[in-house]
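Here you get one chain, nothing else, as structure tokens; it is the form predicted on its own.
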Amino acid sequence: MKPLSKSGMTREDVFSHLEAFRREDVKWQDGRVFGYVFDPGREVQAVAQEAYTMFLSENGLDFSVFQSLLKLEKALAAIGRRHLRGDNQVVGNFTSGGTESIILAVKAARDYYRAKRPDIQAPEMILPTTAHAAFHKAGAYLDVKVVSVPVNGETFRADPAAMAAAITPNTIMLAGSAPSYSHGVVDPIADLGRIAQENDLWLHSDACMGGFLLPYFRRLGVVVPAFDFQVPGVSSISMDLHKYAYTPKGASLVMYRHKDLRKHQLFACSHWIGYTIVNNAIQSSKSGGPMAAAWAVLNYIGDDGYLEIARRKLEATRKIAAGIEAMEGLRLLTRPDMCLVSFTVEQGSVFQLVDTMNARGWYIQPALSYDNSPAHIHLSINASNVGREDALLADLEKCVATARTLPPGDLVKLVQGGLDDMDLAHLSDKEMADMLTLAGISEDGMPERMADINGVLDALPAAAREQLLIAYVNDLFV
């Protein structure tokens, strides 16, 4: 990478370089990407961009200076309260995304029980194996032990009995998903709510993916399991806006049943010589752009607009799921509750199928095996994908046949064979570097096809996967 330009670039050079930086990015604008980007279309994007730019320099560090941001945040929290069927006691805050919302909820639960139960010195939270990785990050950051419990092997929903059995004197928190990211199913939040009430525990309903869209599905006649503040026992809910509300990233809400719970999220510091510090989220300085853009998009699309988006997405999801279910060589893992579809292959490699599809101009997401969930393909179906169902299914059918004939690479075979002379759970730096080289990863970038890399990761124990990924990313950002 070049150093900072000495005398500055021209405007044309600046934007030419920026275009070059994104040359290898996935081309999400054509509606063939089923993950990461939630595209509302050019018209909505233009509104979002103008609102974002309008509040680009306003700083959420001090809401007494920028009272506009205080008003915007309260307005967004009020939308979240109504949408999640909360009463007037429900409160919430705007965050940068689902991960921040979840970390804040775990912090609030931890500090709530620090005050209420000082005898708990090693707090634990019980998660189904489908709970988002953000809970594990929160546990690592906040020193809350994660107790992971297998889900039902057929529906992939959380198992309330198994979670209840995992409760110990140190348990402070339970979590469920609405829906889970990988399989798109809503956990039995009502059952978890009863367990939380019986054991005086905090229950977080992670509705980052579904909190905004599921109420519209319910209005369209879909039977949606209860997951919101109508469920007794739910203490907090996370709901992303930058997913299926189609606002720019990063935009999420974390909501609490009442402010006596939310106060444990807040941070204030007077133990320094400087300006007053009180934060309602993790960030201090933050642009008002995402908040203004979120409010603008929500009100520009409106309730009727979102209902129509939900209707079209529901039809597309049903068509894609039915097509996969009927296709020879594929197996739908479960019937989704929302527009998240997961499926696997009956023969051959899931990862070869992903590469073969992506070579045809699609982007579909691989998911590694873990516990009772096999390696599979994940589709997040959004508004820009609607109308491309037939093309997706036609290419998928062709690629299934092709991918079945592609053998695993030599490194995948080696790892699958066991690597008897290597401790896969405790790889050395040299062993990790050697594996990365064999997989085709170098300082020059990633290989065109990722099947071998994903195959290696899938064959390794989870702890070794994490070691390998950390080693790679640690070398990548130099």
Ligand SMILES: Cc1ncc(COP(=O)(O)O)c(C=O)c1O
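Sequential numbering from 1, following the sequence displayed. Small disclaimer: the values here were computed from a predicted structure and weren't measured.
There is another form of this protein, the form predicted in complex with the named molecule, and it is not shown here; the text below is about that form.
Although the partner is absent here, Asp187 lies well away from the named molecule in the predicted complex, with no heavy atom inside 4.5 Å. In the predicted complex, the named molecule stays beyond 4.5 Å of every heavy atom belonging to Val106. Among heavy atoms of Ser384, none comes within 4.5 Å of the named molecule in the predicted complex. Although the partner is absent here, Ile102 lies within 4.5 Å of the named molecule in the predicted complex, judged by heavy atoms. Proximity to the named molecule in the predicted complex, taken as a non-hydrogen atom within 4.5 angstroms, holds for one residue of Arg388, Arg157, His242, Arg262, which is His242.
Taking a 4.5 Å heavy atom cutoff to the named molecule in the predicted complex, the contact residue among Pro248, Gly97, Gly323, Pro336 is Gly97. Contact with the named molecule in the predicted complex, judged as any non-hydrogen atom within 4.5 angstroms, is confined among 395-403, 226-234, 163-171, 205-213 to 205-213. In the predicted complex, just one residue of 111-132 lies within 4.5 Å of the named molecule by at least one heavy atom: His132.
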